[in-house]
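The chain that follows stands alone, in the form predicted alone, written as structure tokens.
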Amino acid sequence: MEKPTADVTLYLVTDSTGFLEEDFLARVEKACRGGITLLQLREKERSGREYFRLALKVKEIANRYHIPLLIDDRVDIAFAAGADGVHVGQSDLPVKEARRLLGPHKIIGATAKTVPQALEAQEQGADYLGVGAIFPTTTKVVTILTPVETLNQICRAVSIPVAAIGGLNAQNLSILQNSPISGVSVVSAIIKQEDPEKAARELKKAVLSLPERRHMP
């Protein structure tokens, strides 16, 4: 079995809050059509059974577009749903334990807000890092702002891809003009837009035009 590529160029993290399931799934599909490169299903409020059921439906969409699907936090849901991996935060299961449970052929991403956290995650086997929040966000997740300077230090300290996260959109992406990131991770900038496909396409174009972006296969 070959491990999928953790291409974080345009990494969509979902938020189904306020959407009927049919509308939410349609938005995910439109985002896939718009060119996202990685997809994370994040459901903080659902029961394990509901999370699993939704993961199966989202996995069907992701498979059609050959986009790896990761599950936020829940290694059990990722395993049960046959997802391509998991993303763990600093308060979740450690990277090395997620790797032990899921094996070598799954993507494991980790959140890092400092250089020591980033180095530890890399050492434990993380495939990529999510670093932020660069700007305040509208999601229900508690966010602590990360200076761009810290983001840049993390990028230079590790050899795995780094995605900037937190309140980013096509209008404010210029703050990352000189950052050696590999991509950006967004929620509202795609999923909450009137036309998620168009939003994804425009944002991807903006990310690809960042002069210092570090491409990683």
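Fair warning: this is a prediction, and the values are worked out from it, not measured in the lab. Don't overthink the numbering: it's just position in the shown sequence, from 1.
A second form of this protein, the form predicted in complex with another copy of the chain, is not displayed here; the remarks below concern that form.
- Between the options I134, I77, A118, I107, the residue in contact with another copy of the chain in the predicted complex by a heavy atom within 4.5 angstroms is I77.
- Of the candidate stretches 167-175, 24-32, 48-56, 151-159, only 48-56 contains residues with a heavy atom within 4.5 Å of another copy of the chain in the predicted complex.
- Contact check for G89: a heavy atom falls within 4.5 Å of another copy of the chain in the predicted complex.
- In the predicted complex, another copy of the chain sits within 4.5 Å of a heavy atom belonging to P94.
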